[in-house]
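First, one chain by itself in structure tokens, the form predicted on its own.
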């Protein structure tokens, strides 16, 4: 009872604070500063129709590198914890619906993931959401079976290869044009076409594979540790 009252009090305090602050928040109606420069020069500089991807992969490539490192550290920590402290519960048999869904949907899911990843310079998408979708296909396959994934070096190899590729592409821009992840090292081509925007599609693909392999590794570690769905 006391705990419930305390939680209610905290929620009321937060609601009162939000009510007093929200009316004073104002949305910008015009771009300025860096945002204005991205909008003005983004297409010319990067050849990417999707300026969001251009900012993430080209203009702020070092930030994206930091995000990749954070994700790698988090995935490694989770897998380490699961290996040191097994959950001690085995997987259960999948239901009829889950088992049959796992036979049908993984291929379309992977196709969507590849589209999201390789077309991020043309339409909404990118390596992070594309990699997450790839990993969801792996998760669905795993949920559709009661077996434990066999020990395999494929996922670590993919993670290492994609991470190395990301770093080398970034260094390529540094060595040739003096900017990390400068996507113009191979030319930007014709904006709006699949083969355009320089190395942005390659970087997005590398990030997607890295994200997919890390999340899939977490799912496999969870199952191996005795995780129950």
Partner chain sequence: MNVFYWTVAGTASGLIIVGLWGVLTRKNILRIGLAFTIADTGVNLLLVWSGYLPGRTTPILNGDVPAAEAVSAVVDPLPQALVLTSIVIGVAVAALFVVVAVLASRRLGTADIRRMKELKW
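Bear in mind the structure is a predicted one, so any value in this text is a computation, not a measurement. Positions refer to the first chain, counted from 1.
From this point on, the text means the form predicted together with its partner chain, which you will not see here.
K.L.:
Any idea which of 164-172, 197-205, 36-44, 178-186 reaches within 4.5 Å of its partner chain in the predicted complex, heavy atoms considered?
P.N.:
Single hit among the candidates: 36-44.
K.L.:
Please run the contact check for residue 7 against its partner chain in the predicted complex: heavy atoms, 4.5 angstroms, yes or no?
P.N.:
It does: once its partner chain is placed as it appears in the predicted complex, residue 7 has a heavy atom within 4.5 Å of it.
K.L.:
Consider residue 58 of the chain shown here, and say whether it contacts its partner chain in the predicted complex, taking contact as heavy atoms within 4.5 Å.
P.N.:
It does not: once its partner chain is placed as it appears in the predicted complex, residue 58 has no heavy atom within 4.5 Å of it.
K.L.:
Taking its partner chain as it sits in the predicted complex, is residue 155 near enough to touch it, meaning that at least one heavy atom pair lies within 4.5 angstroms?
P.N.:
So residue 155 does not count as contacting its partner chain.
K.L.:
Taking its partner chain as it sits in the predicted complex, is residue 71 near enough to touch it, meaning that at least one heavy atom pair lies within 4.5 angstroms?
P.N.:
Contact check for residue 71: yes, within 4.5 Å of its partner chain in the predicted complex.
K.L.:
What residues in 3-24 sit within 4.5 Å of its partner chain in the predicted complex, counting heavy atoms only?
P.N.:
Stretch hits, in order: 3, 7, 10, 11, 14.
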